[in-house]
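Consider the single chain below, provided in structure tokens and representing the form predicted on its own.
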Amino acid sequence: MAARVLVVDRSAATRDAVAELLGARAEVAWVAPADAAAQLRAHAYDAILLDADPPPTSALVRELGATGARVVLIAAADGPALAHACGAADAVARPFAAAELVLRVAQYAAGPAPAAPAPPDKRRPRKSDVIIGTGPWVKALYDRIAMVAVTDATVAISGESGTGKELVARTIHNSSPRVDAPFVVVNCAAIPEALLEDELFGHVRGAFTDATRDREGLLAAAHTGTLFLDEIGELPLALQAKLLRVLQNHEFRRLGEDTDRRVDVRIITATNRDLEQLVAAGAFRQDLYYRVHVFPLHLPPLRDRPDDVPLLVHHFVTKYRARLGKPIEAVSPAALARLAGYAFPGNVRELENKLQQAMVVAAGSIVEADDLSLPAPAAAHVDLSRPFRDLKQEAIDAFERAYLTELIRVHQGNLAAAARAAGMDRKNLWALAVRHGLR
């Protein structure tokens, strides 16, 4: 069923742009801000796209969200921080990208048609998978996803462990014409080399001693869908040649079989290693490298995007408090500052793990700094080629932005209450928030 989306904006042209990009995925209506309340009393919607110029109040967002619709702000680059501060579920930037609209808006259909449960190894896409971040890197990533999702081009995702490579692969699959077909994940580093060929290609009865029946491999399970090869740099050379044949001819052969099989599959790969170095060392086939590296995407480590930490913390608190059965409402400014100041070598996955631990330990409704199980701060690398004043200001700016984002969120946009809690003059707090783009 198509999602029902209401665009609350001064211009009806916004509705037209959204409707064109979402196509049959959504039924898009428009209303001027002054008439939004009346429209919501008369009709039900799954998602509301709310213009964030001027910034909406927390009260307005709560009023719109009380209808059960997901409120998504239409904002500039600071949209996620603004959504975080006023209580909106998400934000989307102008100019719109089809992939971003689909993932943040159109997936929230009220009544999707029931489907038979997929086998566990087919790993159906989860509707909760949304890339969380702020700043130009997220917009650029969504723009590139929008370019490639509608094609069958092979995508190569690179980035450190824990940066969300599988999430990006799922986003591409969810935004592609193959969305209703299987999404199959193969971790090339987690399966022993002796078993990996059988896992991928399958076998026929009698192919080896324990082969008592025919077995379909994960490649066949992904037919008409997407095969995600995680850590492809760990793929043995013998299997690299077989994968190359799949990419070139769309054919493969099960172990012990005499005939080829055709397969219609889109392949996405990911690695935290430098494939060019592996090619130079003879550990990765150059011809396969060119086949998989058609459309590269790179994910930055969390330490290079500290402004995303408050958004991720809010997301994980909301995600896990019900599962853990704990009434956690927020993370204290001191705890948030400590999280923002940690390098997280394990990236987003490590942040998620550490925050879950802290939520379990927390005695009250607020996660405090002492609840965090973080190692002692390591000596940071100092770029001595840059002036002391510049480096100091960067550290101050990162702390101030993280502190203000969480402070304003906890107090639901009430600057007077936030200023009292921070021991600051309200005008000074407002000026600081404006300077950091929190509006």
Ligand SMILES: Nc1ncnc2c1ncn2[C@@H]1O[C@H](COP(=O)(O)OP(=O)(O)O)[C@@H](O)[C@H]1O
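Throughout, we count residues from 1 along the sequence that is shown. Not measured: the values here are computed from a predicted model.
FYI, the form predicted in complex with the ligand isn't displayed, but the following is about it.
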Close approach of residue 215 to the ligand in the predicted complex, 4.5 Å, heavy atom:
no
Taking the ligand as it sits in the predicted complex, is residue 163 near enough to touch it, meaning that at least one heavy atom pair lies within 4.5 angstroms?
yes
I'd like to know whether residue 253 contacts the ligand in the predicted complex, with contact meaning heavy atoms within 4.5 angstroms.
no
Please run the contact check for residue 132 against the ligand in the predicted complex: heavy atoms, 4.5 angstroms, yes or no?
yes
Using a 4.5 Å heavy atom cut-off, which stretch among 190 to 198, 337 to 345, 257 to 265, 313 to 321 contacts the ligand in the predicted complex?
313 to 321
Partner-free chain; cross-checking the ligand in the predicted complex, the single residue of 94, 303, 349, 223 with a heavy atom within 4.5 Å is 349
Only one of 239, 247, 140, 167 comes within 4.5 Å of the ligand in the predicted complex by heavy atoms, so just point that one out.
167
Sequence order please: the residues of 384 to 423 with a heavy atom within 4.5 Å of the ligand in the predicted complex.
none
Is the CA-CA spacing of residue 140 and residue 90 tighter or wider in the predicted complex than here, given a 3 Å or more change?
farther
Checking the C-alpha spacing of residue 166 and residue 89, a student should find that in the predicted complex it changes by 3 angstroms or more, with the atoms closer
